[in-house]
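Just one chain is shown here, as structure tokens, and it is the form predicted on its own.
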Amino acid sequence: MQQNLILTDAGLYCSAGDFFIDPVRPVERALITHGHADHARAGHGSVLASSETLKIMAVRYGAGFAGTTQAIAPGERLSVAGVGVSFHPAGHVLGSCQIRLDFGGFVAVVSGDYKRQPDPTCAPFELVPCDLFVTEATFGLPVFRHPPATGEIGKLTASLGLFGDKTHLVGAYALGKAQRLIAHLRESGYNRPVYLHGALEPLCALYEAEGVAFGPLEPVGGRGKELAGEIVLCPPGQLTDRWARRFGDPVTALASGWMRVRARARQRGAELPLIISDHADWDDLCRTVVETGAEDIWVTHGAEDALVHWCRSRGLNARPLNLAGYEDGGDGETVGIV
């Protein structure tokens, strides 16, 4: 049944159902795992995705981002040209899903991006048993083991206590990361307003409209040094932009799984690296592969060869996909900020 999934220049194509999954260029029929722009592009003839992903795409691209759209609820089963299709939570960002395909009893699951750490802003990862598992491997090296996010948030609040006269400027990805940071800050007991760069405001508003409570949020607007002692969230690229100069001498932090690598932190200008990722780390990648029960593993998006080798050493049929068009950071951000 694997011949029903084909690699093309546009991405992964299901020939039996005549649709693509997360295609990298406009196609007639697309199934979309989540709203990051390296997976969710505008211009398709029709799009099937979770309701949250469709709303995220509308915020980013405008209401006419596709010819037609259809929302699918988690676990709902549809037949697309005879292929059974259902979407299951991936735990990556709001609305993110794995896509389950049933070819008359042979089950393939395309994970998209996923994580298994707790995240109060999205539905948790759901394990979906399958025969073929298509997994990401953004952090597919043993060096990448993500610590609990609570401890990383503790580093941020501890720094606020030590350097209360400085703005804490935190680089956070606009979709998923910024919202998760705010939610974890609230869980830690931080009740002060969190200040937002304008680029983060629309998606934070969407999350709130979807029922995610953030507490007091404020736009940075024209403010600068008067935000000493406060937390300001901004896109990662703004940390080294002249926009950041308005805050005088801020403490610069960056939330990313890549902050495990000290050279990356220095390169991105992060004095306070926060190892918080919305992707599975090495241990969770390996655990998920085993727990799906799949005998065939296709690996994409990252350190493919290492995970392929690990799978083969355990008797699994594994191969790298080498799909083009999916960046480590994705969505227009600097590569490596995920």
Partner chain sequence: MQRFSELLDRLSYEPRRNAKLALLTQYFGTTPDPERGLALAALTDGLDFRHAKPAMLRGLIAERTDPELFALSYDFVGDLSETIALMWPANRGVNAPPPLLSDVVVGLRSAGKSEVPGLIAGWLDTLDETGRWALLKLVTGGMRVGVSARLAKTAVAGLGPLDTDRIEEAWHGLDPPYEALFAWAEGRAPAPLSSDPAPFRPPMLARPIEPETFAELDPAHFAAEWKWDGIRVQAVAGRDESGTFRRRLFSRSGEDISEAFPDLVEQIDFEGSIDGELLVVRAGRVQSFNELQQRLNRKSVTKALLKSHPVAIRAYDLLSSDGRDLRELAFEARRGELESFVERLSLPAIGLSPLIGFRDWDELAAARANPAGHIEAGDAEAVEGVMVKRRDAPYVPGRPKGLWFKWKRDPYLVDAVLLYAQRGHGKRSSFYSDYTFGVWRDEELVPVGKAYFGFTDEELFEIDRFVRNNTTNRFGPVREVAHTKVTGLVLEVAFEGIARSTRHKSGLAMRFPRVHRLRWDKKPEDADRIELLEALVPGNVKA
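Positions refer to the first chain, counted from 1. Note that the coordinates shown come from a computational prediction; the quantities given were computed from them, not determined experimentally.
Same protein, other form: the form predicted in complex with the partner chain, not shown, and the subject of what follows.
Under a 4.5 angstroms non-hydrogen atom cutoff, the partner chain in the predicted bound form has residue 267 among its neighbouring residues. Residue contact with the partner chain in the predicted bound form: residue 28 places no heavy atom within 4.5 Å of it. Remark: residue 155 counts among the residues lining the partner chain in the predicted bound form, judged by a heavy atom distance of 4.5 Å or less. Looking at residue 163, you'd find a heavy atom of it within 4.5 angstroms of the partner chain in the predicted bound form.
Of the candidate stretches 206 to 214, 98 to 106, 115 to 123, 249 to 257, only 249 to 257 contains residues with a heavy atom within 4.5 Å of the partner chain in the predicted bound form. Although the partner is absent from the chain shown here, none of 47, 51 and 77 has a heavy atom within 4.5 Å of the partner chain in the predicted bound form. A heavy atom within 4.5 Å of the partner chain in the predicted bound form is found for one listed residue only; from 71, 199, 143, 228, this is 143. Although the partner chain is not shown here, in the predicted bound form the stretch 284 to 320 places heavy atoms of 305, 306, 309, 310 within 4.5 Å of it, in sequence order.
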